[in-house]
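Single chain ahead, written as structure tokens, the form predicted alone.
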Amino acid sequence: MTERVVIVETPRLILGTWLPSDRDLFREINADPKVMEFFPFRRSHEEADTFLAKLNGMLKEDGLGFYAVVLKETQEPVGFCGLSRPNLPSVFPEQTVEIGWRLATRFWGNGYATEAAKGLLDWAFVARNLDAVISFAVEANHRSTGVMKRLGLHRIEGLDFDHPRVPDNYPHLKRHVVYAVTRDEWKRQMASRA
């Protein structure tokens, strides 16, 4: 039996590697028009399965990637949250690390995305000793930018960009806003909350 490798624990959540039993939840997220509202595509079951295998492969390579977010109490997966390299050389330096998340809509409104991302930022700055983490989203995606603000990330207006991988026939999805936090800023925030 495959066991989940736990990377981060928060009061209510576990972030870790994906299990075969998480596949249905991952398919649900990738096909849901509400979750994917600010993306120019949905994924079929087959495409979601291929992407899920890729995500688990990324975790084995360098520890960065998108982890399953699981409720501690029930062991039920609710979505994912992770750190990755955006691979947008025309926009960000190669060493840039971004944080991102997606949850199934039935789990929205419980603070899980904020809690998972906070735990992952702690891990990024303490265990991984990263210098800074960014996050970006379509300008109109106020749910995601709201999480960024709750996490203490701040807008870097000079870095707003038109996403090069968004097709031109989706002009409303091209413009992205960028938020960021440095390790020193994060540590100061955590100290002030203690």
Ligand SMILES: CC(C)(COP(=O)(O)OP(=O)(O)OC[C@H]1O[C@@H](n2cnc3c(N)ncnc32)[C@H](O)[C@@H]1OP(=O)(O)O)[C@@H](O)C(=O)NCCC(=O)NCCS
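From a predicted model like this one, the values you see are computed outputs, not experimental measurements. The first residue of the sequence shown is number 1, and the count goes up from there.
Heads up, the form predicted in complex with this ligand isn't pictured, but that's what we're talking about next.
- Residue contact check for Phe39: one or more of its heavy atoms lie within 4.5 Å of this ligand in the model of the complex.
- The closest heavy atom approach of Lys174 to this ligand in the model of the complex falls outside 4.5 Å.
- Although the partner is absent here, Gln75 is not a contact residue: none of its heavy atoms lies within 4.5 angstroms of this ligand in the model of the complex.
- The shortest heavy atom separation between Arg12 and this ligand in the model of the complex is within 4.5 Å.
- This chain is displayed without this ligand, yet in the model of the complex the stretch 105-113 from 119-127, 87-95, 105-113, 67-75 comes within 4.5 Å of it by heavy atoms.
- Each of Trp101, Ala137 and Val147 places at least one heavy atom within 4.5 Å of this ligand in the model of the complex.
- Contact with this ligand in the model of the complex, judged by any heavy atom within 4.5 Å, is made by just one of Val35, Ala48, Ala132, Leu55: Val35.
- Comment: this ligand is not present in this chain, but in the model of the complex one of Arg143, His154, His163, Arg43 has a heavy atom within 4.5 Å of it, namely Arg143.
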